[in-house]
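One chain is shown next in C-alpha coordinates, namely the form predicted on its own.
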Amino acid sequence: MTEPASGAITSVRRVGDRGLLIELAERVDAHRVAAFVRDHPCAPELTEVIPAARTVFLLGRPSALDRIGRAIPTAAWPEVDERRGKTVVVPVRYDGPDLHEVAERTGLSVREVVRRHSGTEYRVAFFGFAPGQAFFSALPDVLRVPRRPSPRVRVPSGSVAIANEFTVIYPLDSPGGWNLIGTRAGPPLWNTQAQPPNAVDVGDRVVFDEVR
(Lines give C-alpha, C1' and ligand atoms only; values in the text may rest on other atoms or scores of the structure.)
Protein backbone atom coordinates (compact mmCIF):
# COMPACT_ATOMS: atom_id res chain seq x y z
CA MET A 1 0.00 0.00 0.00
CA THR A 2 1.06 3.57 -0.51
CA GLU A 3 0.10 6.91 0.96
CA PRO A 4 -0.05 10.22 -0.91
CA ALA A 5 2.61 12.72 0.03
CA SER A 6 0.16 15.63 0.13
CA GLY A 7 0.95 17.71 3.21
CA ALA A 8 3.82 15.44 4.21
CA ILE A 9 6.64 17.58 2.79
CA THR A 10 7.40 21.00 4.26
CA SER A 11 10.33 21.80 1.95
CA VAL A 12 12.78 20.32 -0.54
CA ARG A 13 15.99 22.29 -0.92
CA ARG A 14 19.46 21.84 -2.27
CA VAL A 15 22.44 21.79 0.08
CA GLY A 16 25.51 22.69 -1.95
CA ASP A 17 26.07 21.09 -5.35
CA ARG A 18 25.57 17.47 -4.30
CA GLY A 19 23.08 17.52 -1.44
CA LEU A 20 19.29 17.58 -1.14
CA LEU A 21 17.41 18.05 2.14
CA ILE A 22 13.80 16.88 2.35
CA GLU A 23 12.01 18.33 5.38
CA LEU A 24 8.95 16.48 6.63
CA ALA A 25 5.80 17.31 8.51
CA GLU A 26 5.37 16.02 12.05
CA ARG A 27 4.78 12.28 12.42
CA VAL A 28 5.75 11.50 8.83
CA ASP A 29 7.87 8.35 8.81
CA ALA A 30 11.21 9.37 7.30
CA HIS A 31 11.95 5.72 6.52
CA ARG A 32 9.02 5.55 4.11
CA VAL A 33 10.36 8.61 2.29
CA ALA A 34 13.83 7.04 2.22
CA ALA A 35 12.34 3.82 0.84
CA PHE A 36 10.74 5.79 -2.01
CA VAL A 37 14.10 7.42 -2.77
CA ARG A 38 15.94 4.07 -2.75
CA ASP A 39 13.38 2.67 -5.22
CA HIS A 40 13.66 5.68 -7.55
CA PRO A 41 15.36 5.06 -10.94
CA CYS A 42 18.02 7.62 -9.98
CA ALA A 43 18.93 5.81 -6.75
CA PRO A 44 22.13 4.27 -8.22
CA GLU A 45 23.44 7.83 -8.71
CA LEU A 46 23.15 8.57 -4.98
CA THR A 47 25.93 7.91 -2.49
CA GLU A 48 23.95 8.61 0.71
CA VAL A 49 20.30 8.38 1.78
CA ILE A 50 20.09 9.41 5.46
CA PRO A 51 16.72 9.47 7.26
CA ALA A 52 16.45 11.39 10.55
CA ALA A 53 13.62 12.57 12.80
CA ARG A 54 12.10 15.16 10.44
CA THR A 55 14.39 15.06 7.42
CA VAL A 56 15.88 12.84 4.73
CA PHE A 57 19.24 13.95 3.36
CA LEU A 58 20.46 12.81 -0.05
CA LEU A 59 23.96 13.05 -1.47
CA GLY A 60 24.68 12.31 -5.10
CA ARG A 61 24.87 13.55 -8.66
CA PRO A 62 23.14 16.90 -9.22
CA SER A 63 21.01 15.59 -12.07
CA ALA A 64 19.71 12.74 -9.89
CA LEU A 65 18.93 15.15 -7.05
CA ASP A 66 17.00 17.38 -9.44
CA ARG A 67 14.83 14.51 -10.68
CA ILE A 68 14.12 13.18 -7.20
CA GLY A 69 13.44 16.68 -5.90
CA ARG A 70 10.80 17.21 -8.58
CA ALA A 71 9.19 13.83 -7.84
CA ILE A 72 9.03 14.17 -4.05
CA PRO A 73 6.07 16.60 -3.70
CA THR A 74 3.64 14.27 -5.50
CA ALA A 75 5.19 10.95 -4.54
CA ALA A 76 3.50 8.09 -2.69
CA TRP A 77 5.42 6.38 0.07
CA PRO A 78 5.77 2.59 0.12
CA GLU A 79 5.03 0.79 3.35
CA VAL A 80 8.11 -0.12 5.36
CA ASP A 81 8.50 -3.76 6.34
CA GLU A 82 8.31 -3.66 10.15
CA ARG A 83 9.78 -7.17 10.27
CA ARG A 84 13.11 -6.08 8.84
CA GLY A 85 16.17 -6.09 11.04
CA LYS A 86 16.89 -8.01 14.22
CA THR A 87 15.47 -7.71 17.72
CA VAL A 88 17.84 -6.64 20.50
CA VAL A 89 16.90 -6.98 24.18
CA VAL A 90 18.50 -4.37 26.44
CA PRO A 91 18.43 -4.98 30.23
CA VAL A 92 17.66 -1.76 32.13
CA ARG A 93 17.60 -0.77 35.78
CA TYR A 94 14.92 1.87 36.17
CA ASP A 95 16.83 3.99 38.65
CA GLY A 96 17.18 7.29 36.79
CA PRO A 97 17.17 10.58 38.71
CA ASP A 98 14.27 11.94 36.63
CA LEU A 99 12.00 8.90 36.92
CA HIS A 100 9.79 10.31 39.68
CA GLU A 101 9.52 13.68 37.93
CA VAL A 102 8.45 11.96 34.69
CA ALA A 103 5.78 10.12 36.68
CA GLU A 104 4.50 13.40 38.12
CA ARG A 105 4.47 15.15 34.75
CA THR A 106 2.61 12.32 33.03
CA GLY A 107 0.17 11.66 35.86
CA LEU A 108 1.33 8.04 36.09
CA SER A 109 2.82 6.06 38.95
CA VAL A 110 6.51 5.21 38.77
CA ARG A 111 5.63 1.57 38.20
CA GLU A 112 3.32 2.52 35.32
CA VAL A 113 6.06 4.62 33.70
CA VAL A 114 8.37 1.62 33.90
CA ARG A 115 5.69 -0.71 32.59
CA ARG A 116 4.86 1.54 29.64
CA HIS A 117 8.52 2.14 28.74
CA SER A 118 9.62 -1.48 29.03
CA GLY A 119 6.42 -2.82 27.44
CA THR A 120 7.02 -1.12 24.08
CA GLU A 121 8.92 -2.49 21.10
CA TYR A 122 11.01 0.33 19.62
CA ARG A 123 12.70 0.76 16.27
CA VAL A 124 16.13 2.24 15.62
CA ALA A 125 15.10 5.33 13.67
CA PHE A 126 18.45 7.02 13.10
CA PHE A 127 21.83 7.91 14.65
CA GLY A 128 22.96 11.36 15.69
CA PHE A 129 24.34 13.78 18.29
CA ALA A 130 27.27 11.55 19.34
CA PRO A 131 29.11 8.55 17.84
CA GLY A 132 26.95 5.48 18.24
CA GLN A 133 23.91 7.25 19.70
CA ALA A 134 20.80 5.60 18.34
CA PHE A 135 17.37 7.20 18.56
CA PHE A 136 14.60 4.68 19.25
CA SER A 137 11.02 5.37 18.13
CA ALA A 138 8.24 5.50 19.02
CA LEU A 139 7.81 6.28 22.69
CA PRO A 140 4.20 5.80 23.91
CA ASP A 141 2.24 9.05 23.71
CA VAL A 142 1.63 9.14 27.45
CA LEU A 143 5.41 9.22 28.15
CA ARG A 144 6.20 12.05 25.74
CA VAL A 145 7.66 14.80 27.86
CA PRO A 146 9.91 17.60 26.57
CA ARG A 147 13.63 17.90 27.22
CA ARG A 148 14.65 19.36 30.54
CA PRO A 149 14.86 23.18 30.59
CA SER A 150 18.50 23.07 31.76
CA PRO A 151 20.77 20.38 30.31
CA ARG A 152 23.17 18.52 32.55
CA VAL A 153 26.88 19.14 32.04
CA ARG A 154 27.56 15.40 32.26
CA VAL A 155 25.27 12.45 31.64
CA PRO A 156 26.92 9.08 32.39
CA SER A 157 27.40 6.56 29.61
CA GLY A 158 24.64 3.95 29.62
CA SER A 159 21.92 6.33 30.85
CA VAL A 160 18.48 5.53 29.43
CA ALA A 161 16.55 8.70 28.67
CA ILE A 162 13.35 9.96 27.06
CA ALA A 163 12.22 13.18 25.37
CA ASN A 164 9.38 13.90 22.96
CA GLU A 165 8.76 10.78 20.85
CA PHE A 166 12.16 9.13 21.32
CA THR A 167 14.15 7.17 23.85
CA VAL A 168 17.94 6.90 23.79
CA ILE A 169 20.88 5.31 25.57
CA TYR A 170 23.83 7.65 25.98
CA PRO A 171 26.82 5.83 24.43
CA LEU A 172 29.41 8.12 26.05
CA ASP A 173 29.69 10.48 29.00
CA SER A 174 28.40 13.74 27.52
CA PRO A 175 26.22 16.78 28.18
CA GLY A 176 22.51 16.15 27.77
CA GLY A 177 19.08 17.55 28.45
CA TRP A 178 16.94 14.42 28.23
CA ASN A 179 14.97 12.91 31.13
CA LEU A 180 17.03 10.13 32.74
CA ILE A 181 14.84 7.19 33.76
CA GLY A 182 17.26 4.28 33.94
CA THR A 183 20.66 2.72 33.36
CA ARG A 184 21.67 0.09 30.82
CA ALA A 185 22.46 -3.11 32.74
CA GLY A 186 23.97 -5.13 29.90
CA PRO A 187 26.75 -4.78 27.32
CA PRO A 188 27.04 -1.40 25.59
CA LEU A 189 25.41 -0.98 22.20
CA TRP A 190 28.42 1.07 21.05
CA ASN A 191 31.89 -0.47 21.38
CA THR A 192 34.78 0.89 19.33
CA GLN A 193 36.69 -2.37 19.86
CA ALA A 194 33.97 -4.42 18.18
CA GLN A 195 33.37 -4.95 14.47
CA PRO A 196 31.01 -3.41 13.67
CA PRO A 197 31.08 -1.04 16.65
CA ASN A 198 27.27 -0.71 16.71
CA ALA A 199 25.24 -3.59 18.13
CA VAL A 200 22.13 -2.15 16.46
CA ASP A 201 21.42 -0.69 13.05
CA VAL A 202 18.67 1.43 11.55
CA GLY A 203 15.50 -0.64 11.30
CA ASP A 204 16.37 -3.00 14.15
CA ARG A 205 13.85 -3.51 16.94
CA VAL A 206 14.78 -2.82 20.57
CA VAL A 207 13.05 -4.11 23.70
CA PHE A 208 13.95 -2.92 27.20
CA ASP A 209 13.91 -5.64 29.85
CA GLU A 210 13.56 -4.41 33.44
CA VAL A 211 16.24 -5.64 35.85
CA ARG A 212 15.54 -5.18 39.56
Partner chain sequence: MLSPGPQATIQDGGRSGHGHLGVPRAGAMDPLALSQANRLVGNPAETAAIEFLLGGFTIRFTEAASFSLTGAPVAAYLGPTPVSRNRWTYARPGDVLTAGPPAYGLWTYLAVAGGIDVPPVLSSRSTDSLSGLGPPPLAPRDVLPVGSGGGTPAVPSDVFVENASAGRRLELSFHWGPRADWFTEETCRTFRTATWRVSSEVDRVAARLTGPRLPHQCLEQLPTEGVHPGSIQVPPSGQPLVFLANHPPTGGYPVIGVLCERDLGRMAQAAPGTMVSMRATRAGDGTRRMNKEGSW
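Positions refer to the first chain, counted from 1. Only the largest set of C-alpha atoms that superpose within 1.5 Å between the two forms is called the rigid core. No experiment lies behind these values; they were computed from the predicted model shown.
If you look for the form predicted in complex with its partner chain, you will not find it shown, but the lines that follow are about it.
Novice: Only one of 145, 185, 59, 43 comes within 4.5 Å of its partner chain in the predicted complex by heavy atoms, so just point that one out.
Specialist: None of the other options qualify; the answer is 59.
Novice: With the cut-off set at 4.5 Å between non-hydrogen atoms, does residue 20 touch its partner chain in the predicted complex?
Specialist: Flag for residue 20 set to yes.
Novice: With a 4.5 Å heavy atom cut-off, would you call residue 49 a contact of its partner chain in the predicted complex?
Specialist: Output for residue 49 is yes: heavy atoms within 4.5 Å of its partner chain.
Novice: Can residue 97 be called a contact residue for its partner chain in the predicted complex at 4.5 Å between heavy atoms?
Specialist: No - in the predicted complex, heavy atoms of residue 97 and its partner chain never come within 4.5 Å of each other.
Novice: Can you tell me if residue 152 lies within 4.5 angstroms of its partner chain in the predicted complex, counting non-hydrogen atoms only?
Specialist: No - in the predicted complex, heavy atoms of residue 152 and its partner chain never come within 4.5 Å of each other.
Novice: Out of 191-212, which residues reach within 4.5 Å of its partner chain in the predicted complex, heavy atoms considered?
Specialist: Sequence-ordered list: 192, 193, 197, 198.
Novice: Core-aligned, is the CA shift for residue 16 between this form and the one not shown 2 angstroms or more?
Specialist: It does shift by 2 Å or more.
Novice: Under a superposition restricted to the rigid core, does residue 165 display a Cα displacement of 2 angstroms or more between this form and the one not shown?
Specialist: No; that C-alpha moves by less than 2 Å between this form and the one not shown.
Novice: Tell me, please, whether between this form and the one not shown the C-alpha of residue 44 is shifted by 2 Å or more, with the rigid core used for superposition.
Specialist: Yes; residue 44 is a residue whose C-alpha shifts (by 2 Å or more) between this form and the one not shown when the cores are overlaid.
Novice: Thinking of the 3 angstroms or more shift, are the C-alphas of residue 178 and residue 55 brought closer or pushed farther apart in the predicted complex than in this view?
Specialist: They are farther apart; the C-alpha distance rises by 3 Å or more in the predicted complex.
Novice: Is the CA-CA spacing of residue 196 and residue 48 tighter or wider in the predicted complex than here, given a 3 Å or more change?
Specialist: Closer in the predicted complex, by 3 Å or more.
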